[in-house]
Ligand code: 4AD
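Next comes just one chain, in structure tokens: the form predicted alone.
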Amino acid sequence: MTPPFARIADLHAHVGSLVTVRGWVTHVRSSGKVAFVVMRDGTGQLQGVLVKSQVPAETWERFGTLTLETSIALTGEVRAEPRAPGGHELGVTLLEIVGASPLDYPIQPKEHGVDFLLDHRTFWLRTPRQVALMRVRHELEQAVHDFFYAREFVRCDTPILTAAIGERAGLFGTEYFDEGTAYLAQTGQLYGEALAAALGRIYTFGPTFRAEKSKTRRHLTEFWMIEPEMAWYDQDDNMDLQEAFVRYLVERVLERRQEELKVLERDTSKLDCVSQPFVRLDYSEAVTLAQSKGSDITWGDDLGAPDEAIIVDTYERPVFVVNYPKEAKAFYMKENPADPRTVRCADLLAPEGRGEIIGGSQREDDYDKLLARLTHEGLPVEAYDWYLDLRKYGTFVHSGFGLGLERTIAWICGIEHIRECIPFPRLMGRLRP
């Protein structure tokens, strides 16, 4: 009878049985009489043991041709072995080569520069650190859906090509038949507001694009964003939801991805801060605090990365900075009745110098004020007629926010640059592979 195929992650259920495992070679070594081949299959690592006197001559000869990333199929008996990678090993009786790998495989067990690794991203992704990051990313994406599903939010999809823009700058444009210029979406928010009027509470989850000429460790030109919109939520309700959301995401990864965090050498004690209430700091107080620590920021400026670091380092936990100046923020944010120079918004700053991971606000629900902001910003009002109509026909209090997935991964995993937090990063100078 042909042995069944088994994944490495499932070998605990096959101890004592004969199985075939398929994957790629990561290490080989031999004493002349006993040989070891370590392979991975995407679910874990497995050590195969070959005894020269106990395997066919052709199997022993094939072992001698193995190179890094050769794809193979090993057949043998599964044995529990705590000292082996993954806690099991395979007593190999048969080795088949599925796909040979030349000796010049690009990613060798040595130091490589980041540009080289990005040029060979398809192979870099196979390394343990990158595999761990992709698994954490997967866990977070599933956690996003679980969080909102449990709260009866409706997942909605919004256009990637649009005539209406959400932010002042950073636009990728293309000619759209006879309709003029279309833009790659900077946000799904505007459409999310329309959907919230239909469904109450919704969220979108998709790619967004910013043509900003930024080369910082926190910027990508294509990234993924989670954007909820909630009817009848004011800004305080909005921040309550954000705090619960971020806490849930962190706790989910800590609960389910400890092995990956160990591979990433993450000091998880630094994430304990999410159990404390998040700080809510008025923008004016934030400016004063930054100035007291040597920043040259003045009231009216947007906070820079050094200012954000000063603020979060003071509290050592996530901080909402609320009520920014109107001129520093987008047109759709609600004017603050307590201070019309400002808007009812909040940026959530993550600890350890990670900066903003969420931008959110109560949305402007007054037709005349929204029209005035659009005009002041010099935006084409005709492109926003449908958006204005949301205030014309049954306006309502509503709020929303956007969480950047890659920045959140970088913070939770302790990664210096978010280019590692997405499978194929798009940066200012990088469009391949």
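Values in this document were obtained by computation on a predicted structure and should not be read as measured data. Counting begins at 1, following the sequence as shown.
The following text describes the form predicted together with this ligand, which does not appear among the structures shown.
The listed set 212, 251, 335, 81 contains one residue whose heavy atoms approach this ligand in the predicted bound form to within 4.5 Å, identified as 212. Contact annotation: of the candidates 290, 357, 184, 95, the single residue with a non-hydrogen atom within 4.5 angstroms of this ligand in the predicted bound form is 357.
Within 4.5 Å of some heavy atom of this ligand in the predicted bound form lies at least one heavy atom of residue 223. Taking the partner from the other structure, this ligand in the predicted bound form has a heavy atom within 4.5 Å of a heavy atom of residue 219. Though the partner is left out of this view, residue 402 does reach within 4.5 Å of this ligand in the predicted bound form, counting heavy atoms only. Put simply, residue 11 is far from this ligand in the predicted bound form: not one heavy atom of it is within 4.5 Å. Every member of the trio 363, 407 and 418 reaches this ligand in the predicted bound form with some non-hydrogen atom inside 4.5 Å. Exactly one of the stretches 42 to 50, 57 to 65, 369 to 377, 393 to 401 approaches this ligand in the predicted bound form with heavy atoms within 4.5 Å, and it is 393 to 401.
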